[in-house]
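Coming up is one lone chain in structure tokens, specifically the form predicted alone.
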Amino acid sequence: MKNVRLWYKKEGLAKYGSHLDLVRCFSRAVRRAQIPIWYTEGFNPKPYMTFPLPLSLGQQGVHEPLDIRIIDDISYDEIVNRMNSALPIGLEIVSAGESVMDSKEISFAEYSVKLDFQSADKAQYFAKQASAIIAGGELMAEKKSKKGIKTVNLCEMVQDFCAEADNEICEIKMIIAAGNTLNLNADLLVETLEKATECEDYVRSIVREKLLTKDMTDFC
């Protein structure tokens, strides 16, 4: 028996699938691809799959982890090829290998965000004001938690933030808190900034580039 960490892309229309949809999709793909996966014990056995940090609905990811456990000898390349032959458009296994780090080591996530505004002036204004707000250190918002809804300062969960406008498009690079202990949804940060600046985008693209540990090394 061996633990394997798959790295996959979630793009295009696949971003509109919920986490439950994703679990079902990968479960079917594992069966179709005849991956020798270990099944949980009990009355209703299920293929062993763990998503260290699932993506939020509507967001894309280019290097997302998925942990499985296999019971027979099969190469990493063979797992990748078989899975990709069984997955739908929008989902693709990029690589497979040993699971080195525990999911508890995830502390941050790096995102690329693209916002389309109605005018170049509005995009420029948002980029400038959003950067100033983050630099100022205070951006209050209501955030859901296990104990209910509470008001938090989102700036305390932003490690790095850079916004630049080009014509009607504002591009943001940011590193924000991610993990089981402290987690900031990129959508919540963008929406709160737009509310504070009174600027609303009409097309939004959020892509999670990678997951990071507390010392800013890549989660692997």
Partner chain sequence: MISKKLEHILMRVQKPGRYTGGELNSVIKDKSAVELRYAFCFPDTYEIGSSHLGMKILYSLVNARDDAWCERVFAPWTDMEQLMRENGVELYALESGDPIKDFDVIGFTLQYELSYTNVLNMLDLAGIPLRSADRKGLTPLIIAGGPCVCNAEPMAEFLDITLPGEGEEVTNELLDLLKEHKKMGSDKETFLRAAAKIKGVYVPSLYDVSYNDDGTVKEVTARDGAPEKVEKRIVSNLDTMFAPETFVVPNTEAVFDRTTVEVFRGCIRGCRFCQAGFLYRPLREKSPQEVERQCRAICDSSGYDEISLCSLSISDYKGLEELVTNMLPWAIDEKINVSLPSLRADNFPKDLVEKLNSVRRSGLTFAPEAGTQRLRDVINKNITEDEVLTASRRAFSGGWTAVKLYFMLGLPTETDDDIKGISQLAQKVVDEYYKNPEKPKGKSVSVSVSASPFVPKPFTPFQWEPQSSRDEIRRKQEVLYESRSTRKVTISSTPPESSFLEGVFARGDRKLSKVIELAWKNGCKMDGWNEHFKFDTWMEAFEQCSIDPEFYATRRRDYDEVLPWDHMDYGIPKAFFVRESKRAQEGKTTANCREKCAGCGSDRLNGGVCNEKCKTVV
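Residue numbers count along the first chain shown, from 1. Predicted model only: the values in this text are computed from it and were never measured.
In what follows, reference is made to the form predicted in complex with the partner chain, a form of this protein that is not presented.
In the predicted bound form, no residue of the candidate spot (104, 125 and 214) has a heavy atom lying within 4.5 Å of the partner chain. Contact check for residue 180: every heavy atom lies farther than 4.5 Å from the partner chain in the predicted bound form.
Residue contact check for residue 87: one or more of its heavy atoms lie within 4.5 Å of the partner chain in the predicted bound form.
The shortest heavy atom separation between residue 15 and the partner chain in the predicted bound form is within 4.5 Å.
Residue contact check for residue 58: one or more of its heavy atoms lie within 4.5 Å of the partner chain in the predicted bound form. Proximity to the partner chain in the predicted bound form, defined as a heavy atom within 4.5 Å, holds among 32, 63, 195, 173 only for 32. Contacts with the partner chain in the predicted bound form, taken as any heavy atom within 4.5 Å, map within 33-70 to 39, 43, 44, 45, 46, 57, 58.
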